[in-house]
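Here you get one chain, nothing else, as structure tokens; it is the form predicted alone.
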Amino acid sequence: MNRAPVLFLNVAVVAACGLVYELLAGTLASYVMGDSVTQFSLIIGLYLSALGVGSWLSKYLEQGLARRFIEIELAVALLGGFSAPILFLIFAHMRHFYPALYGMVFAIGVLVGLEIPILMRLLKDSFEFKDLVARVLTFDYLGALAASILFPILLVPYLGLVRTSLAFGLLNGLVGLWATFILRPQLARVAGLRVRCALVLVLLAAGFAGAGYLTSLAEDNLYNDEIVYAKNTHYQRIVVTRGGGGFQLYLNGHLQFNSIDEYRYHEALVHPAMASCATPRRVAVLGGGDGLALREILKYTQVEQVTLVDLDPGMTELSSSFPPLAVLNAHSFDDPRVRVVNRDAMLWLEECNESFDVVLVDFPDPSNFSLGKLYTTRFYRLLKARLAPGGRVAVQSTSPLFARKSFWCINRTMGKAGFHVKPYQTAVPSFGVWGFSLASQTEFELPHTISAEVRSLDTPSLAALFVLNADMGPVEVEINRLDNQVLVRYYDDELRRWD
């Protein structure tokens, strides 16, 4: 039997599995710590250095190379396969998460780094050195390419992080089992080795079958209340919990709203802009896929059309999948005036040729660079070009108390983009003091009354929104530009200080 083609295929599988474990670690790190650029950079650097350590250590393996390869493959299968479940289980314990994360990445990298040199030594008698190196590296890179394409398109959306981890552990285990056949001439006592392979595969298969339970167990440690809905989308993990007389929405583990007090946030976001615009007929909402801002906008009878732009169809369809949200947002997506666009908001602004009387920007906090771009001068200039004369913009701007630099960075960045900006704040029990920015292309008067039915705002409280205490006042900050993303660093530093 010509074993070379199969061993080259093993190289591709080994590379694909190793890269998937690396991507899983980077994704989980960005979920927990934000700043995805930093996390992926650290993990890629650590993994690549570990590959080098493994390659260097491989020179000390001289006897029984075929057996060593299979044993290492089984170790990768167990450690890599169970890496995501283990990290999920300690997700809520930050003190242990860091060493577990980086320790696993390094250990997997060392093991994978051992495998490729051993395979090359097993194949050295079949090829000239230059052909061997060329073929091994070609299959190595092709395997990595396949993994990098499949991970965001197929694996995470349809399997989820835990099942993806276990599935590739199974793949590593199958490579180990298959190697007991193709390397049989070089193996002694092969029966015991095959039993070990079978045990590893049974453990991983059991983990895969119970992946839902493992995920639920991990999330039970992360969330205080009962989980009533959970889904992985192409972009994020959506979790809804129920407790305290209401339900709560989390995206990648971060609270987005509590149904008990969300009205305070959404009334503050929507009504100052709507009340200060003379003719709010055409409205755009960027973000806000939960439909709660829509609910407030649709209270105005003069509104003729609302365009909601949210990247994730999983969010804009959540009302259909979780009926209590449809009740909370007053079935706003069913209103014929509402048009939903699932698109990146910056790309949509670049392509859009419409103008709007009011634009409400309801993005998550700038915890990573993909979100931070939506708070830059570039984004706000695109937004300004889409605003009709006399139009208004309202932006959620983090907390002026807990994230003071971030809050003022957003306001100053909007000003740099040409807006006249008036910062304001409100109290939301689930979040504390929360900040917003009301802006227009020209100087404007603050709103005095609200014509729509609201629960938290009357004439005195509307005026009080625009009063910021001394500890929330302006501070010196840089402008957030697309090429520096200083806002993400401000937010990350401030979040760490309050955690």
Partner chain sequence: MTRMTRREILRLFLGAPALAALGGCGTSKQERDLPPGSLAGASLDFGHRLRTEAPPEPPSEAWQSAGVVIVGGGVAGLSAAWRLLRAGYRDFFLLELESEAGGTARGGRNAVTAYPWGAHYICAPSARNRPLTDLLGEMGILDGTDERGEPVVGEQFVVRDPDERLFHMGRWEEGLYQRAGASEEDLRQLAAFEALIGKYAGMRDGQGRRAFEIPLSLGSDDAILAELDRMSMAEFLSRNGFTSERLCRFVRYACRDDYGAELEQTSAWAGVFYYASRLVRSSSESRPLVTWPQGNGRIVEYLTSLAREKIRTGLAVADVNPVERNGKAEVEIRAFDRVNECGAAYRAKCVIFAAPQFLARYVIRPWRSDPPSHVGAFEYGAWMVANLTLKDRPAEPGYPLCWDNVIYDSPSLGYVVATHQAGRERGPTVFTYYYPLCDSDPKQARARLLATDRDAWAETALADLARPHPEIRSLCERLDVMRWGHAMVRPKPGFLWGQARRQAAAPFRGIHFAHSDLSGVALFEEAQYQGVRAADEVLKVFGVG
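Given the structure is predicted, the values throughout are model-derived calculations rather than measurements. Residue numbers count along the first chain shown, from 1.
The protein also exists as the form predicted in complex with its partner chain; that form is not presented, and the subsequent description refers to it.
Is it the case that residue 311, even though its partner is missing from this view, gets within 4.5 Å of its partner chain in the model of the complex, heavy atoms only?
Yes, contact at 4.5 Å.
Even though the partner isn't displayed, in the model of the complex is residue 234 close enough to its partner chain, meaning a heavy atom within 4.5 Å?
Residue 234 belongs to the contact set for its partner chain.
At the 4.5 Å heavy atom threshold, is residue 482 in contact with its partner chain in the model of the complex?
Yes, contact at 4.5 Å.
Give a yes/no on whether residue 350 approaches its partner chain to within 4.5 Å in the model of the complex, heavy atoms considered.
Answer yes; at least one heavy atom of residue 350 falls within 4.5 Å of its partner chain in the model of the complex.
Pick from 75-83, 172-180, 321-329, 371-379: which stretch has a heavy atom within 4.5 Å of its partner chain in the model of the complex?
Looking at the partner contacts, the answer comes out as 371-379.
Could you check which residue among 131, 225, 344, 334 gets a heavy atom within 4.5 Å of its partner chain in the model of the complex?
Checked against the cut-off, the match is 344.
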